[in-house]
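Before any questions on how it binds or moves, here is one chain, the form predicted alone, in structure tokens.
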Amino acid sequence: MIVAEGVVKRFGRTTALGGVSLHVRAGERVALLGHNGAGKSTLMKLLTGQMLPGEGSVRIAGIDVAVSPNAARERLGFVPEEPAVWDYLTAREMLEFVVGVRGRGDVDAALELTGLGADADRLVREYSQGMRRKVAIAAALIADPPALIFDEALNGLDPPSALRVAEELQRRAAAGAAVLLSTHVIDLVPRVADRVVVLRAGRVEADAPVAELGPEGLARVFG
């Protein structure tokens, strides 16, 4: 459902990704770990069509992102590390716009899921950073896409909201969605992932089930 095959990305003489392969199947939640500079952000940008690979291929729901980027994005819900939201719309107006573009979605359910119901008719420019992130999460989830990519998306959320979103991602995966979530927070991984992939210096260093690694194993592969 979310696939990178032998992806290479270079910036001048610097190799950001040196032949990375990653598969997230339908019904699976995968946590992508790696220190700063490991290549996580570059991989996320390739998977979401913001950049093209120098070598290899990237597919979302079977669609090559380089060949048919818009068709791939129709099947994807994405939350970037620094989400861009429209300051002069309310959360409700922004989500109504997303539903109009996507052609489907329940605005009230998305607002309730992210805890924005009481503030839905305030302008987004009045929101805290955590609330702005909730708007981006609601926008990513609202059309129920089969592939979800969250780049450090739970950072800055209050604990109840982070838990609610983690539970929703588990529910979506159980219904057949593929979920890829990058994080620096090791303690969060067992709540949001069935499998962990660790990038180091632009290559996959580890790929294993979370249950198999356990807390000590997670700390060791990420250390």
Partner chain sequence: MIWGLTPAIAVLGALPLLSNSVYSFTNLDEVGRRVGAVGLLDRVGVLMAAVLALRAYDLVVRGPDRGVVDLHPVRPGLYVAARLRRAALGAWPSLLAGLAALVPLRFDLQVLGLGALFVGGAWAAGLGVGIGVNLAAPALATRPGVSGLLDAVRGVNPRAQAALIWAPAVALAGAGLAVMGGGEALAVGLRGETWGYAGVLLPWIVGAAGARLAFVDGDTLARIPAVLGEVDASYAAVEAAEEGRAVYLEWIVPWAPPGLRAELLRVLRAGWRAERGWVGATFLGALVAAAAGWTDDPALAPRLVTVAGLSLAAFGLVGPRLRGHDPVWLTLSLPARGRATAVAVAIVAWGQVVVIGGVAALAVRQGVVAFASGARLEALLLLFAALGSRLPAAAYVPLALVLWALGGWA
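Predicted, not measured: the structure shown is a model, and the values here were computed from it. Numbering follows the first chain given and starts at 1.
Beyond the structure shown, there is the form predicted together with the partner chain, which is absent from this document and is the topic of what follows.
Contact annotation for P190: none of its heavy atoms lies within 4.5 Å of the partner chain in the predicted bound form. Of the heavy atoms in F78, some are within 4.5 Å of the partner chain in the predicted bound form. For V98, a non-hydrogen atom is located within 4.5 Å of the partner chain in the predicted bound form, even though that partner is not displayed. When the partner chain is considered in the predicted bound form, A162 lies well away from it, no heavy atom lying within 4.5 Å. For the marked spot (G49, V85 and M94), a heavy atom within 4.5 Å of the partner chain in the predicted bound form is present in each of the three residues. Judged by heavy atoms within 4.5 Å of the partner chain in the predicted bound form, the contact stretch among the candidates 33-41, 170-178, 62-70, 193-201 is 62-70. For the options D144, E74, D119, E152, the residue carrying a heavy atom within 4.5 angstroms of the partner chain in the predicted bound form is E74. Heavy atoms closer than or equal to 4.5 Å to the partner chain in the predicted bound form belong, across 138-160, to one residue only: A139.
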